[in-house]
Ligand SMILES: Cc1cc2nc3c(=O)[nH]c(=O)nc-3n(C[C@H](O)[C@H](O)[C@H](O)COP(=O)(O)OP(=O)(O)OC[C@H]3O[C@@H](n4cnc5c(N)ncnc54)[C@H](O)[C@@H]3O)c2cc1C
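The form predicted on its own is given below as one chain in structure tokens.
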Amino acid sequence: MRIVIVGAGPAGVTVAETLREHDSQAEIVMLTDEPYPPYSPPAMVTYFETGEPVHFWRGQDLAERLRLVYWRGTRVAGVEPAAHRVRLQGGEVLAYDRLVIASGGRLYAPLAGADKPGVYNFKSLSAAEELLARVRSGQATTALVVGAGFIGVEIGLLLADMGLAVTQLVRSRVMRSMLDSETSALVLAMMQERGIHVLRGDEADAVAFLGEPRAEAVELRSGARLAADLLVAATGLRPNIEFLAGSGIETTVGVIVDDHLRTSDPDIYAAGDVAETKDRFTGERQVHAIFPNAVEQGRVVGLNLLGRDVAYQGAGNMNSLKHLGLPVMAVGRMEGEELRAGHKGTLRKLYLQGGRIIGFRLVGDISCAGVYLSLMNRREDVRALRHRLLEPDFGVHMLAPE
């Protein structure tokens, strides 16, 4: 059986590893438009900070070890499900028995001119290397980051640490989708302490990237223009699904999958930042673009390709930020009853519904994150522990007497 995997990120790599662990004979072909061995996008910040190649999370010899046919620098032009083949931009046609779409996503800003050269996407190692080459060569001393989600803040901090003068545009508040206003304000203060110039509200309302042919500035709704040596789009994530146009594979924001991660075509699966899956707690369908979800989805796809009957239990909604000098972790929803404790530079917030934890936000001390997450995933009734949940030393050892 020939299995073609479009994408070499954490989801695609995990599919290949799962297949090879149980099947030594399957022909596995992996396609990537990058010139590099498989890498992990979340580890790129650490790589650029330390120089250690931690982003090659499974080793640079992965393709050889797994005996993959690894096509670097290969862009997919289209998919023809009826003919069971993939068309490449170079004109080649590649047949498959099963296809896995693990093409990931990219950072973007919904502004005119966002596709111009000079607008950087930090989810791609190629784009990030180009950006940082300009910094190291002295061609860039200023940066403008449009957006302040988790990745946008991380990029801003990295560039500031590298000595650039960074301006960050924040239309409402920092990490709005994942942090409450109090926690967001703590992160904002830390960004400003680290030297990032933050523009908020109307003065941060960007409408277009300006410059021809290369973007060199951002135009605000007020008519003002902000120029910088580096422009980074980071208001959201856009799944890479353009090559599926005309294929008949069902998509909305990402690729629609069932509880076995099959697409609308039974011989095609999707996993990772490109797949629209259900939230394990709310049942809502969306793209859950975080590393643990991609790895678990890759495992499930791999097992189902092997003929197992494995259902995906749903995605988790979790983000963590390590590069503030103050750890931040956001998990689950921010609704229901709120429990709060803050002291000595830390903040803990738990959100309960029906006596169960449905979300939490931690700043400073995140040592209890594993325990909270375990209680949340097991849907434990924590009412008996209510008076202890926010204690600084709350942990596994405290659960035994209960």
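Start at 1 with the first residue shown and count on from there. Keep in mind that this is a model prediction, so the values were computed, not measured.
One more form of this protein exists, namely the form predicted together with this ligand; it is left out here, but the text below deals with it.
Heavy atoms within 4.5 Å of this ligand in the predicted bound form: which of the stretches 251 to 259, 325 to 333, 110 to 118, 74 to 82 has them?
The contacting stretch here is 74 to 82.
Three residues, Leu31, Met44 and Pro292; all within 4.5 Å of this ligand in the predicted bound form via heavy atoms?
So, yes: the whole triplet contacts this ligand.
Which residue, Asn319, Ser247, Thr167, Ser184, has a heavy atom that falls within 4.5 Å of this ligand in the predicted bound form?
Residue within 4.5 Å of the partner: Asn319.
Counting only non-hydrogen atoms and a 4.5 angstroms cut-off, does Ala11 reach this ligand in the predicted bound form?
Result yes; Ala11 sits at the interface with this ligand in the predicted bound form.
Hey, in the predicted bound form, does Ala234 get a heavy atom within 4.5 angstroms of this ligand?
Although this ligand is absent here, Ala234 would stay clear of it in the predicted bound form, with no heavy atoms inside 4.5 Å.
Does this ligand get within 4.5 angstroms of any non-hydrogen atom of Tyr312 in the predicted bound form?
Contact with this ligand, no.
Any of the heavy atoms of Phe281 lying within 4.5 Å of this ligand in the predicted bound form?
Phe281 lies outside the contact set for this ligand.
Would you mind checking 98 to 130 for residues with a heavy atom within 4.5 Å of this ligand in the predicted bound form?
Ala102, Ser103, Gly104, Gly105, Phe122, Lys123 sit within 4.5 Å of the partner.
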